[in-house]
Each structure stands twice: as structure tokens, then as C-alpha cells.
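A single chain, nothing else alongside it, follows as C-alpha cells in the form predicted alone.
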């Protein structure tokens, strides 16, 4: 009887605190809504989808000067033939929204026709660029971190001191400053050398990736170092007694165990990297935060768009966290 009573009390207590959680959640939302009403803010959630996918009006422009020799309909498209002194060009305009007539004089840059095309909006483009930058930086960060971590525990003083210097310099300065150095200092030097040798400049995207990868690599290196040193020394001695050299011992015995132990902190570092990518907007990279800021400036919808921006970052980081947990479970099963 007492046992059933205790179980019932526990259930009642559980449901009570669940109710408290939802009460806090609904209360916070209501308070935000009430505050928005006090400043006479109009919520326009219906305008948000257009910044993900939009049916944009696209213009077909002439690239040469000449006369519109013919304007013919072929199925659902309109074919316009422009003939000039230097040759002729044929333009295909989907649909029949034509802005010129047969026999008109055409100048370079004139609009021949207009059609609507579904394309990714600015927020979707920013989200994709954030994912692209983060994935590339994570891959390079892992590679840099692995080499720096192995050098950190090496007996070779040149490798060890180089690794220590790199780790302390990177971890001891803000990421924002490192982005500035990569873009304004190293970027200027590298692009100047490329230009003098007749090569194209590197876009800002790659300097942003380099800054994030080097920043992440320093933290990954310390995780690798800690993971290696957490493995009992007897593992190394046992593998060496079996005839393995240092590289074989690290590859087949030490590193697999160390990587299993550092997966959780690695996930936290990669999640931080995704969020840190928002700083790349300061060097003209239109990632998610910069794209949101541009949309807010033109649409005057700060509440809706910043909530959507935060939600998109949450989806990215939560998905990455779930993926790392999946890898962790797979590793444990094997």
C-alpha cells in the first residue's frame, strides 16, 4: 500500500513539474508578445518564407547591339534573334513576357524579356554557406589538430615546441582578431604575390575557412594530447613488446582508444565552430548571420528574422550533436 502511494506521489510530482515547465515556456512567449504590443510592433511571420524560397523575376538581357530580326514562339519559350554588325545572338525567354518587338533596335544591356524563376532565398543561401564553411573548417581542423596533437606528445623538441607555440598563440588570442589577421594581413600578402605571378586572387571565403580551421585545430590538438596521455602507458609497452614501432603503436592501439574518449569534447568544439562562423560576416562573407542582418535592414522585421536565425543555428548544432552521439554508439558497439 505504501509502495503504491509513493509511486502515485512520484507520478503526481513529475506531472506537476512538467506543468511548471510548460507554464514557464508559455509565460515567456506571452511576455514577449505583450512587450511587442507595447512598442506597437506588427508581427509578419507570413513574409519569412520568401527569404528561403522566392519566385524571382529574371531578366534576359542582350549582350550585343543590333536589330531584333525575329521574335518567334517555340513551345513554351520565345526565341529572339538579334543581329548586329559583329554577328548574331539567339536568346531564349521562357514564357511570353517579351519587352521588345520584331525590327526594334537593340543596345547591349537592353531587356529582351522577363520570366519568373524559383530560386533559393537569401536566408537559405546564407544557411548553405554556413554549412559549407563549417564542414570544410571541421575537416581541416581535425587534420591540423591530429598532427599538432601528435607533435605535442613527441619526444622531438622541434616538433613539440612548434606545436606548443602554435597552440598557445591561437588559444591566447580572440578568433575575431585572427580573422582580421588572416583577411587583412595574410590575405593582402598572399593575393599580392598571386597577382604578381599572374594568378587569380583567393576569395575571402578561404581566408575565413583558414582562420576557423587554425583556431579549431589548436583546441583539437589539446584534446588529442589529453586523449593520448589518458591511455595507460602499459598499452604502449605491450604493443612495443609485440614488435610494433612507434607509428604502428599509435595507429593501431593508442589513437583508436584516444579518439573514443575525445569524441564528446570534439562535438562541443565543432558546435562552437558552427556558431563562431557567424563572425565571418565582418569580412564580406554572407553566411547566415550576415544574411539575416541584411534582410532585417531591408524588411524591418528584427523579431521574426532573428528568431528564425537562432532556430536555424539550433538545428545545425543539434544535428551535429546527434551525429557525434551516433558515431559514439557505433564505436562502442564495435
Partner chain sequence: MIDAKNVYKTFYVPHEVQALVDVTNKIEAGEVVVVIGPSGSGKSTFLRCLNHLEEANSGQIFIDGVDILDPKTDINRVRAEVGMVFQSFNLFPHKSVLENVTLAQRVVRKRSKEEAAETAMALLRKVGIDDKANVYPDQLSGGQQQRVAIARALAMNPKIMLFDEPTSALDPEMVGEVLDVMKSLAKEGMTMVVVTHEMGFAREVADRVIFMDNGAIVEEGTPDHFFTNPTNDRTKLFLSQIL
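Please read all numbers here as calculations on a predicted model, not as lab measurements. Positions refer to the first chain, counted from 1.
Just so you know, the form predicted together with its partner chain exists too; it's not on screen, but the next bit is about it.
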- Contact stretch among 156-164, 114-122, 202-210, 231-239 - heavy atom within 4.5 Å of its partner chain in the predicted complex: 231-239
- Item | Contact assignment for its partner chain in the predicted complex, among 128, 252, 107, 184, heavy atom within 4.5 Å | 252
- Contact residue in the predicted complex, from 195, 248, 72, 96 (heavy atom within 4.5 Å of its partner chain): 248
- Looking at the partner-bound form in the predicted complex, is residue 188 within 4.5 Å of its partner chain by any heavy atom? no
- Exercise: residue 257 in contact with its partner chain in the predicted complex, heavy atom 4.5 Å: yes
- Task: Although its partner chain is absent from this view, report whether residue 81 comes within 4.5 Å of it in the predicted complex, heavy atoms only.
- Result: no
- Is residue 244 close enough to touch its partner chain in the predicted complex, meaning at least one heavy atom pair within 4.5 Å? yes
